[in-house]
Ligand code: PCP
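Have a look below at one chain only, the form predicted alone, in structure tokens format.
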């Protein structure tokens, strides 16, 4: 074992579980208790649902039925995003892993959604896998892509997701050459022609000086990137405006401005009118995990629930024009004009409806468009000051 990474086999076999599920299994088996239950996954906040793909692989072949929202779907507080129906001992020890898949993936997708919502028609790229365990790189980039980012930087996304990765250049490239111009020219000469020539302009001199150096000394410059550290930023907007001015007066309005380095939603809201693209790292990749919990809501056909939870298997119905939801018992009559969100995706361990990355992303972007049309962006960005 070269790296301390739990194997897929151990995940599938339930080794990754909390110890109290081991005790629970032992007790229930000893007493001959194994009820048929309905268990649902909920949380107390809104978000973008992701991670279902891994859950389906985890539960495949086990004698359970699963109902779930499609990935990329917006969910609201206390709505079940996923429901499992089956004998409790058939899935008990997998709760830890199942929640881990959903909590992490949905958190990253939700943060990506917030950043893209804030950016409007400006580009947002996922730059943050270096802040997290490398074994999670594909998970992070997949979730960020579902949430709406315009591109991802981790090269592994090409192998594991079929998503073309993107990037500019690091300060290390410029330092290895010893000066900016030689590094910029080498990038332009060597890198594939279809890759945008976005020059990093804050290695040694101020951003304005390096921006001018770039456009006056390199054959092709499509954009400039400011990765200015916080200790040097001062009034960052003024710096960006100064760079824009110097480019424009030299007839280079075509050169895009790309900013990165500790970007928050607040930064995007304050800079989106003067910046063309944002590279967002820790704020997306290091998203605080979604606080999903799994709770039994039916036992042997009877409604049950612990305090703070609502009993009974449920369905969610959505008015897509208003993005308004209604929760009803699963067997109740559907409200007129609303569409059910929970679909049966697994039957007796057989996957009925698999996930699709592009469909999930399209759904997230569809909801983003509706939010903008309704003029309710602030409802989803109200925590940006935190």
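Numbering follows the first chain given and starts at 1. The model shown is predicted, which means the values in this text are computed figures rather than measured ones.
Keep in mind that the form predicted in complex with the named molecule is missing from the display, and what follows is about it.
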Among 69 to 77, 99 to 107, 215 to 223, 280 to 288, which stretch sits within 4.5 Å of the named molecule in the predicted complex, heavy atoms only?
-> 280 to 288
Decide yes or no: are 14, 57 and 349 jointly within 4.5 Å of the named molecule in the predicted complex, with each residue judged by its heavy atoms?
-> no
With the cut-off set at 4.5 Å between non-hydrogen atoms, does residue 260 touch the named molecule in the predicted complex?
-> yes
Is there a non-hydrogen atom of residue 127 within 4.5 angstroms of a non-hydrogen atom of the named molecule in the predicted complex?
-> yes
Is residue 196 close to the named molecule in the predicted complex, meaning a heavy atom pair under 4.5 Å apart or at it?
-> no
Give a yes or no for residue 227: in the predicted complex, does one of its heavy atoms lie within 4.5 Å of a heavy atom belonging to the named molecule?
-> yes
Report the residue, out of 310, 299, 250, 171, that has at least one non-hydrogen atom within 4.5 angstroms of the named molecule in the predicted complex.
-> 171
May I ask you to choose, among 208, 87, 131, 182, the residue with a heavy atom within 4.5 Å of the named molecule in the predicted complex?
-> 131
